[in-house]
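Starting off, we have a lone chain in the form predicted alone, written out as structure tokens.
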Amino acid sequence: MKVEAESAIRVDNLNKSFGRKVVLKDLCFKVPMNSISGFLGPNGAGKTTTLRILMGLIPLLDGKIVMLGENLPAGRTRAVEQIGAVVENPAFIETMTAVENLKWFGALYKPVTLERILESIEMVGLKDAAYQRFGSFSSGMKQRLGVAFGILQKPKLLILDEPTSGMDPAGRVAMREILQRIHEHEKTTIFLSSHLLDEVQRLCDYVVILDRGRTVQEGYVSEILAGHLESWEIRIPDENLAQAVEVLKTFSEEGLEWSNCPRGLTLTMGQNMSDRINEALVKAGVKVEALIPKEASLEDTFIRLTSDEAPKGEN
């Protein structure tokens, strides 16, 4: 039975165990349509298990999943026709070129034109390597070809498991630009797992944070970060530090915290306190050389919500 597609993915009360080990417990989350959404969690939180269930690599036995308006497992065939995925490491034939691999594996689903193959290859930045053997590709190039395969059939939804795994910083920047381009030009909703919080914050507009098989927070990145305490770096000459700390102590009851940094102090405070703190320091004769806001980070939320003591294992 087909239902209204309010979200690209909706998961309700999903449970999964391997023997006595509980991996997912009443997992619930959604992925908004037309978003780039990140799936975050410590090792062992259940991310890869969830993605495998979404793609039918592990059977859905307990819970409800709706993808692109189709109830699973009944509507899986109709849903999969509209989904591209790279859940495992790309495994193409080493002796075939990029074009030959996409033609061969693409045809296993439904016929694909050479024009679309070349278009997909160009979209991931491999135009100059289109007729190069896959075996000669770097790990980053292999990841890109996997993404090219994922978008080959122009899916409405693209699911990726650690798409920047093994890449250097330049490769991660390039992949981020590729995914943004796919999202904008192909109008594709993207759902990706990653452990690189900075990359997720730069790329995604929605995140789902998982810990020990449960969703501990989800929402639009802008809304999650809007509720954060503000962090500022205040640059003060060494001779003024002791005096500055005495001034800052008067704001302690309002939740102000501070710590030393190489050229002054790092302040953590409630919103809209920075002007008053700066004014108090100046009035006390403290020379404030600079007051620099630090961007709120998903890392703060992630660390607060997850624990290093979470069980390790299947992820």
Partner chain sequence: MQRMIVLILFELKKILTRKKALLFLIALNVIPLVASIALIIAYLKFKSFGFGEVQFSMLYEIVQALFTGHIKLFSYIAPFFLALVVGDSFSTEFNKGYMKMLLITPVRRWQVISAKTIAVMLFLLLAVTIGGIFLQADLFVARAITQNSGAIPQQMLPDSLGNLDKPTHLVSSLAALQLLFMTFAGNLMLVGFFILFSLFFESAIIMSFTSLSVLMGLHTFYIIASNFLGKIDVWYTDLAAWVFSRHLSDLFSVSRIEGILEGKLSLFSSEVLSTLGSSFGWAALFYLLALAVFSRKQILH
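Heads up, when I say rigid core I mean the largest set of C-alphas that superpose within 1.5 Å between the two forms. Since we're looking at a predicted model, the values are computed, not measured. Positions refer to the first chain, counted from 1.
Same protein, other form: the form predicted in complex with its partner chain, not shown, and the subject of what follows.
Though the partner is left out of this view, Y220 does not reach within 4.5 Å of its partner chain in the predicted bound form, counting heavy atoms only.
G270 falls outside the set of residues with a heavy atom inside 4.5 Å of its partner chain in the predicted bound form. Heavy atoms of L256 never reach within 4.5 Å of its partner chain in the predicted bound form, leaving it off the interface.
Although the partner is absent here, P111 sits close enough that one of its heavy atoms falls within 4.5 Å of its partner chain in the predicted bound form. The candidate spot formed by G125, V207 and I224 lies out of contact with its partner chain in the predicted bound form, as no residue has a heavy atom within 4.5 Å of it. Residue heavy atoms within 4.5 Å of its partner chain in the predicted bound form occur in exactly one stretch of 94 to 102, 185 to 193, 113 to 121, 212 to 220, and that stretch is 94 to 102. When you look in the predicted bound form, the only residue of V80, M175, L152, I236 with a non-hydrogen atom within 4.5 Å of its partner chain is V80. Comment: its partner chain is not present in this chain, but in the predicted bound form one of C261, A290, L61, V282 has a heavy atom within 4.5 Å of it, namely L61. In the predicted bound form, its partner chain lies within 4.5 angstroms of at least one heavy atom of each of the following residues of 48 to 63: R52, M55, G56, L57, I58, P59, L61, in sequence order. After superposition on the rigid core, the Cα atom of L192 is displaced by less than 2 Å between the shown form and the other one. Put the two forms on the same core and the Cα of A98 is off by 2 Å or more between the shown form and the other one. Residue displacement note: R76 has its CA displaced by under 2 Å between the shown form and the other one (rigid core superposed).
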